[in-house]
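Next comes just one chain, in C-alpha cells: the form predicted on its own.
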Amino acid sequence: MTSTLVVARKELLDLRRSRLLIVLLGFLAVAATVSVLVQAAQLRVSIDQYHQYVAALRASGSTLTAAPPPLFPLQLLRGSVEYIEVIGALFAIVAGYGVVAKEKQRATIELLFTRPVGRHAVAGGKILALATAWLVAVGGIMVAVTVALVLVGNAPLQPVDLARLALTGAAAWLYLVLWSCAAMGMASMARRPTTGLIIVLVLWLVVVLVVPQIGDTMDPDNQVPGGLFKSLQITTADEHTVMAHVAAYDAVRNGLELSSVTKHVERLTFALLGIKDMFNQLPVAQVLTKTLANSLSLLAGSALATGFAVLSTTRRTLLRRQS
C-alpha cells in the first residue's frame, strides 16, 4: 500500500505540472459554467417578466391571477452534463493515456521498477491519482455551476437539489474514471502507446457519438423539437398504445442505446436533474430506484475498466520495447 501511495503522489505532482491537462480541464469547466450562465440568464429574464406582468395586473386593478412559470433550475444543467459526457470523456482519455505514455517516452519506467514496488502498485497508484484528479475536477465544476445557478439565475436551491447535484457529480466522476482507466490499460497493452490511444479514440467515437446518435435518430419522438407526441397533443396513455404497435422496433432501438455506457450516464443524470419530465419532482430514492439499471451499468463499466487497467499495466507490458 505504501508504494501505491508513493506512485499516486508522484502522478498527482505530474498531473499538476501538466499544462495541457490544466488547459483541458479549464476549458471543460468554462464550457460547463458558460452553458449554465446562458440558461440561468434566460431563466432570470423569464422570472422578471412574470413579476412585471403580475405588477401590471395589480396596478390595473384586475382580479386575474397569472400562473408562475415552471421553475426547475436543475434542468439548466443539461448542456453541462452533455459537455462532460462528450468532451469530458475525450479529456479523460488524454489523461489516462498520458500517465503511461510519458513513462515510456522518458524511459523513467525502468528507474521506477528498480525500486521494490508491489506487483500492482504502479497501476494502483496511477489509477488512484487519476481518480483523485477527476474527483477534484468534477467537484470544482459542480461548485461552479451551482454558484452560477444561485447568483445568475436566482435559483432557490433546496437541500434535495444539492443531493441531486452531488449524485450527478458522482456519476460524472465514475464515467470519467472509466475512460481514463480504459485509455491507461490500452496504452499499457499496446507495444506503442499511440496505438492504444487510437483504439480508445475509436471506441469513444462509437460509444459516445455514433451509437447514441443512431438511437436518437431511430426514436420517432425525437424527430420534432419538443417531442413528436407532445407537439401532436397525444396523451401518455395514447402514446403507449401507439408504441405498442412498434414494440419490436423500439426494443431494438432501446437495446442499441443501452449498449453505450454514455447513454446510461445520460439517462441517470437526466433523471436526477429532472430534465426528463417523468422524473421531475420525484423523491430522490424513487428516481434511483427507477434508474437502478443505469446505475448498475455505470458501476459495472467502471469496475471493468479499472480491473482492465490494473491487469494490463504490469511490469512486463510497461518495460516492453517498442518495435
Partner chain sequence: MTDAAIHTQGLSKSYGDKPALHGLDLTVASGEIFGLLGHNGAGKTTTVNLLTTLLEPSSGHLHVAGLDGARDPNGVRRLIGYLPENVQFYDNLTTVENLRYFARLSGLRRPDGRIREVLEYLDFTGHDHERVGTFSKGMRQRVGIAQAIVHSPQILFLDEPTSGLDPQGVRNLREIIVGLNRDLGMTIFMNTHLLAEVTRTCTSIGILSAGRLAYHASMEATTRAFPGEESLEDIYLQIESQRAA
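Everything quoted here is computed from the prediction, not taken from an experiment. Positions refer to the first chain, counted from 1.
Below, we refer to the form predicted together with its partner chain, which is not included among the displayed structures.
*Asks:* Of 106-114, 139-147, 175-183, 82-90, which is the one stretch near its partner chain in the predicted bound form, taking non-hydrogen atoms within 4.5 angstroms as near?
*Replies:* Residues of 106-114 come within 4.5 Å of the partner.
*Asks:* Is residue 7 near its partner chain? Define near as a heavy atom within 4.5 Å, in the predicted bound form.
*Replies:* Yes, residue 7 sits close enough to its partner chain in the predicted bound form that at least one of its heavy atoms falls within 4.5 Å.
*Asks:* Under a 4.5 Å heavy atom criterion, is residue 13 part of the interface with its partner chain in the predicted bound form?
*Replies:* Taking the distances in the predicted bound form, the answer for residue 13 is yes, it comes within 4.5 Å of its partner chain.
*Asks:* Is residue 314 one of the residues lying within 4.5 Å of its partner chain in the predicted bound form, judged by heavy atom distances?
*Replies:* Taking the distances in the predicted bound form, the answer for residue 314 is no, it never comes within 4.5 Å of its partner chain.
*Asks:* Looking in the predicted bound form, is its partner chain within 4.5 Å of a heavy atom from each of 3, 18 and 319?
*Replies:* Yes: each residue has a heavy atom within 4.5 Å of the partner.
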